[in-house]
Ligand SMILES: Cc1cc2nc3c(=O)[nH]c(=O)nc-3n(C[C@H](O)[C@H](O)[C@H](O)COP(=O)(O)O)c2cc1C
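Next up: just one chain, as C-alpha cells, the form predicted alone.
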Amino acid sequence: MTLKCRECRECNGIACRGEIPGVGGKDTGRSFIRNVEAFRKVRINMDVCAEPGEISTGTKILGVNLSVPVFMAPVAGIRNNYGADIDEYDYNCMMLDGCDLAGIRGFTGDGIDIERLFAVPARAVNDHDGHGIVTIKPWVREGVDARIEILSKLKFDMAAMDIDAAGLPLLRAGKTPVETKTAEELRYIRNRLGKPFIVKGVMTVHAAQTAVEAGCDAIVVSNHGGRVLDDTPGTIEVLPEIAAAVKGKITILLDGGVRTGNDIFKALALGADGVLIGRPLALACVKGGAEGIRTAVEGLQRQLKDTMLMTGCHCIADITAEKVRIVD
C-alpha cells in the first residue's frame, strides 16, 4: 500500500501543501499550516505548587462519557485522499472499533456518492450500536432530506453538518450541490434529525451565534483542515473570541492543528470542551487498524496527563485560561 501521506515527523501541512485530492491544504496550504503553527503561540504556565492527587482526563460531552476529550474527525474517500486500499465500510468499521477501544467517539463522512460515501459509513455506525456521529455535507434541501431519510432507519448517537464544505468546488458543481446555511435551514435540519446536532465549520462569532439561534447542540471551530479557503486564521486563534461569545450556551469543540496532549490542553484552556483530530488518527487507522487508533489516543492521553500534572490540574474542569498565555 503506497500512501499519499508522507508521514512527516510533524503533521504540519508543509510537505503536502496544495495536494487535493490528498491530505494537503487548499492552494498554498497556508490555512492548514497556520492551524498547526498557531498552537505554538500558546504557551503553558507550569505551576507545581499544588495538592498532589490522582489525575483524570475523563469527561462527558453531549451526554457521552469519554476517556479523554477527543473525537475522531470525519474522513471520506479514504482511497482517494489517503491512497489506502480499504473500502469505506471497512475503514469506518476499523475507525469506530478503534474509537470504542480508546473510549472516544468518531465522526463519519459524506460525499457526492450518497450510497458509498454516506449510506455505507452510516450503516457502519448502525452496526456499532449507533456509537458514532454521522456527518452530512451542506447540500441543498433535496440532498439533506435524502440523507435524513437514510438515517431514519439507522441507529446513531448524533449528527453533524460540516457547513464549511460549501467551499468544496467538486460538491458545488455536483448534481445535488452544496450551499451556505442560514439559522432557519440549520433549525430545519436539527428538528428533522431529532438527535443532538453539531455544526462544524464555525470560524467567527457571527457563525457561532447563528448556531445558537438555530438551536444546535454544539459547534466545531474548524476551517475544514485548511481545505476550503486559503489564508484563514488558525482555529486556535479564533477560539477565545468565540468562547467569550457563546460559552455556556452551546458545546464548543475545536478541529485543526491538534497534534499532542499539550494541544488538547491549550484548546480546553482557551474555551473548548473537546477537540477533533483528523489526519493523524486517520493515518493511525490506515496503518494499524483499530489498535492503531487506541495506541495513538493513549499516547495523547499520557501527554495530557503529564501537562495536567505540571500545571496543578487534577480534572478537565481545572484546565482554565490562567493555565496558558498567548505570545506574539
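All residue numbers refer to positions in the sequence shown, first residue = 1. Not measured: the values here are computed from a predicted model.
Note that the form predicted together with the named molecule isn't included here; everything after this is about it.
Contact check for Tyr82: a non-hydrogen atom falls within 4.5 Å of the named molecule in the predicted bound form. Using a 4.5 angstroms threshold between heavy atoms, Lys181 stays clear of the named molecule in the predicted bound form. In the predicted bound form, the named molecule sits within 4.5 Å of a heavy atom belonging to Gly225.
Taking the partner from the other structure, the named molecule in the predicted bound form has no heavy atom within 4.5 Å of any heavy atom of Gly271. Between 42-50, 297-305, 255-263, 59-67, the stretch whose residues reach within 4.5 angstroms of the named molecule in the predicted bound form through a non-hydrogen atom is 255-263.
In the predicted bound form, the named molecule lies within 4.5 angstroms of at least one heavy atom of each of the following residues of 52-91: Ala73, Pro74, Val75, Ala76, Asn81, Tyr82, in sequence order.
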